[in-house]
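Starting off, we have a lone chain in the form predicted alone, written out as structure tokens.
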């Protein structure tokens, strides 16, 4: 695979017009590829609301994501009310304080009981208690990390559990369509998985319309980014097993 930086140098050396639907050896990234490669998660937004027509355009990009049998196993909830967003943030912060009390066994006054609870929870929810979200729990609890990073618009994505085949995968593809469309339109986004905490609050579930057969699975913070956080960066390459002509080889 060609390294990102190498292709960037080729683009500078030969600034020819880029075609969208054909490939040539040594050609620079086309506009779609650049949107994918340059998008970064944004955690600082301007105090400027996104026009409603622009949000609707982004939702439409999500709606056109491929799904099994075109089942579209999702539901969108858009929150643009600042007071409501602040209240949602406070609720999650309070819940994270509770989680921290029980899960941070090294500092919890519960001692060995907290250690036991942490070990049990880590086995039941290994992904949610991965070091990355586990660290975020403490930051949110301490008020050092805001749930939606002060974004003026929040898109909540609910999955329909009756969906065909693999609805969770379909919802992920839908969300990716939206964040890429947002980036192409000059907006910033950030995936917010901690919205799952609202499933513990009956009042919030009712207010957000989270009831059978829907489950709140993901949130997307949306707004105009402060500064210019986008751009290509080098990422760690992973081994790929490549089968061709009856032989297997490893590529990067």
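All values derive from a computational prediction rather than experimental measurement. Positions refer to the first chain, counted from 1.
As for the form predicted in complex with a small molecule, it is not shown, yet the points below apply to it.
Contact check for residue 218: a non-hydrogen atom falls within 4.5 Å of the small molecule in the model of the complex. Contact annotation: residue 30 falls outside 4.5 Å of the small molecule in the model of the complex, judged by heavy atom distances. The small molecule in the model of the complex is approached by residue 193, whose closest heavy atom lies within 4.5 angstroms of it. At the 4.5 Å threshold, heavy atoms of residue 235 reach the small molecule in the model of the complex. The stretch in contact with the small molecule in the model of the complex, judged by heavy atoms within 4.5 Å, is 183-191, chosen from 55-63, 22-30, 206-214, 183-191.
Among the residues 80, 97, 149, 166, the one placing a heavy atom within 4.5 Å of the small molecule in the model of the complex is 149.
Residue 43 is the only one of 199, 43, 46, 34 with a heavy atom lying within 4.5 Å of the small molecule in the model of the complex.
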